[in-house]
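Okay, so here's just one chain, in structure tokens, the form predicted alone.
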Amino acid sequence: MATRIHNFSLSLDGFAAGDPQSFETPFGHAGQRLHAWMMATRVWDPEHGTSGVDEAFAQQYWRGIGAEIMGAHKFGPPGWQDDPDWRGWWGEEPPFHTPVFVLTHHAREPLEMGDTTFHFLTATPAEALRIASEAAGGQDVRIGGGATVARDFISAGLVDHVHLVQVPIVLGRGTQLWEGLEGFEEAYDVETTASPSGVTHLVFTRKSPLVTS
């Protein structure tokens, strides 16, 4: 079993979302620019999307995943915890198809939507990973973001595989991934792949695989 991050888009200056984030602008002033590369693939648009490098990377998102861990800001806009009717961004059929563990300081009953069940946890990264690993049934656990959650799990040494997508835009402000992660690449083998779309895929694979219990 491995812990993985996939399709995690960053601006040239290391921001995974712009500012401010809200219901109307989930990624702040970045809009959809960070994710345009993926939205142009067949994964997002089966009828009109493109194949090629971006498509090949985007497809890895679901393969072998048995559970996801995400942060509160991925599940909803600021303040969603105060709305008992908020059910996430994805409609009644979320795209995860696995248990999803949402890290939040607000307790809430599990939420079943199609074949996805959201569980709401107050836990450290290590505790959350242990719980998600048990639910994953021997498959891998995906760390879904946002940037704060990804940074916390990487900093704790809990991620085996990191797929980042560097998008050629400069945001200047927003939510940073790299703060406090100086030298993290030393623990990983690194591969880069340039795409005709203009993005660069960076894959970090842990040199000594993480062993979880």
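Predicted model, so just to flag it, every value in this text is computed and none were measured. Residue numbers here begin at 1 and follow the sequence given.
There is also a form predicted in complex with another copy of the chain; it is not shown, and the following applies to it.
Contact check for I169: a heavy atom falls within 4.5 Å of another copy of the chain in the predicted bound form. Remark: H29 counts among the residues lining another copy of the chain in the predicted bound form, judged by a heavy atom distance of 4.5 Å or less. For the chain shown alone, P46 is not a contact residue for another copy of the chain in the predicted bound form, no non-hydrogen atom being within 4.5 angstroms. Contact check for W62: no non-hydrogen atom falls within 4.5 Å of another copy of the chain in the predicted bound form. Three-residue candidate spot A2, S155 and G157; no residue lies within 4.5 angstroms of another copy of the chain in the predicted bound form by any non-hydrogen atom.
Heavy atoms within 4.5 Å of another copy of the chain in the predicted bound form belong, among the stretches 142-150, 179-187, 62-70, 48-56, to residues of 179-187.
Taking another copy of the chain as it sits in the predicted bound form, the stretch 11-48 comes within 4.5 angstroms of it through a non-hydrogen atom at L12, D13, H29, R33.
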